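Before any questions on how it binds or moves, here is one chain, the form predicted on its own, in structure tokens.
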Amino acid sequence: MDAPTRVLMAINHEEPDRVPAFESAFTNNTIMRHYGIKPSAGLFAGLKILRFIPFRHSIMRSALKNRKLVAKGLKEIFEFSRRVKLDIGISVASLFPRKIIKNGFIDEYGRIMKLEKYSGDGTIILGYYGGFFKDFDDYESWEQLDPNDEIRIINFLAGQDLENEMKHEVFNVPAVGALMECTWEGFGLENFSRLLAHRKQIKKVFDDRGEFTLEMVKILAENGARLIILWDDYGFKNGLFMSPKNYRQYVFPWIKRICEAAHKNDSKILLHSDGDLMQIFEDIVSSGVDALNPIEPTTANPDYNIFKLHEKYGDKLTFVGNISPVMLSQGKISEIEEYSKKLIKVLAPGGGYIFSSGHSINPAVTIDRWEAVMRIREKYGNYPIKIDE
């Protein structure tokens, strides 16, 4: 069975040949090298060079329009995914650099992003360093995102080229920034919180983000995307970034329209949102989201528990997660194996589950712990699920 069929069957609550696997981000050079992939420093090196070249932004855009060059940049992680049997490879439709700065860039959402090398193994980590917009006037003067910008569809099509080249062993899934995360990060949390007091202004910002995301999802689905990831963190470990009332007023009406548009074009929506989402979990389900990642296991809320949530919503939502990154970096092998086995045993029967960490694979995750996870999936993840002990 190929990867797209496997993933989509699971999301449709059907049993494929084995439990699909996915990671929203894989930043660990040690593990990649272990599987024969030599990680490149492409973006890191490219930005350092471009910063000192005239017409750098034109050069950067020319590179992003080159389908073969983009495919070359994606190939490393797609090939790694194939080797370790992760079913999804991610292409991107937004979050592109808009302005190059020292050690990083300001992206098209106004987020200041910087690249750093992890001293242990040289892994390049992209981190958020604050918002570019100081107020609403700053935001209004920024060039708005254009869903018809050709760099967006080219990235997805380059991923399609790789999926075809790999005979569908990896499912090319495009990802797009959505409403909440990109909005507050463009301003920074303090300025964003001030903006919430100005109802017309904050509604305008959220509506801009919603309209862009809706149009982007339509374009991707019309061009053959069968699953689309929305990057949209709604919370942190102790709760939500804003009140449930504000999510219901500004965010979920758009998410509902986005899901409806995707479904109309035979596409599914996977929402990636970290944090404790308990107060708005019902809203996420009601909006029509098909799958949710990662059901973060290290929140402060004991009720935000993937097994409890699956018991209540397992027939309405596909769960994607949720092995703790802390466990993967510091836990005992036996502990990791038992938890991984429990996820498969409880969540996988009947479909509706995709195996994944509870956030991402960062540089602190060790090879032996990663391989313990993969062994469990290999041993117990075939359908029909049979785990007695």
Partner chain sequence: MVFNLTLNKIKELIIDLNVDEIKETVQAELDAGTDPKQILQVLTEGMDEVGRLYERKEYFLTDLILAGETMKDAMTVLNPYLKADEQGNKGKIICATVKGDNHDIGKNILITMLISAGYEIIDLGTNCPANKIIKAIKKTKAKVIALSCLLTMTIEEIKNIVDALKSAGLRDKVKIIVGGAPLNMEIAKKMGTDDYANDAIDGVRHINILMEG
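All of these numbers come straight from a predicted model, not from anything done at the bench. Numbering follows the first chain given and starts at 1.
This protein has a second form, the form predicted in complex with the partner chain, left out of what is shown; the following refers to that one.
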**OP:** Indicate whether the partner chain has at least one heavy atom within 4.5 Å of a heavy atom of W142 in the predicted bound form.
**Re:** no
Subject >> Contact label in the predicted bound form: T30 to the partner chain, heavy atom within 4.5 Å >> reply: no
Original post:
Do Y118 and the partner chain come within 4.5 Å of each other in the predicted bound form, heavy atoms counted?
Top reply: yes
Original post:
Can you check whether A364 is within 4.5 Å of the partner chain in the predicted bound form, heavy atom basis?
Top reply: yes
**OP:** Spell it out for me: taking the partner chain in the predicted bound form, does every residue among L196, F241 and Q330 have a heavy atom no farther than 4.5 Å from it?
**Re:** yes
**OP:** Tell me the stretch among 68 to 76, 293 to 301, 225 to 233, 265 to 273 that has any heavy atom within 4.5 angstroms of the partner chain in the predicted bound form.
**Re:** 293 to 301
**OP:** Would you kindly say which of F206, F281, F132, F192 lies with a heavy atom within 4.5 Å of the partner chain in the predicted bound form?
**Re:** F192
Original post:
Just one of F156, W184, Y109, Y250 has a heavy atom within 4.5 angstroms of the partner chain in the predicted bound form, so which one?
Top reply: W184
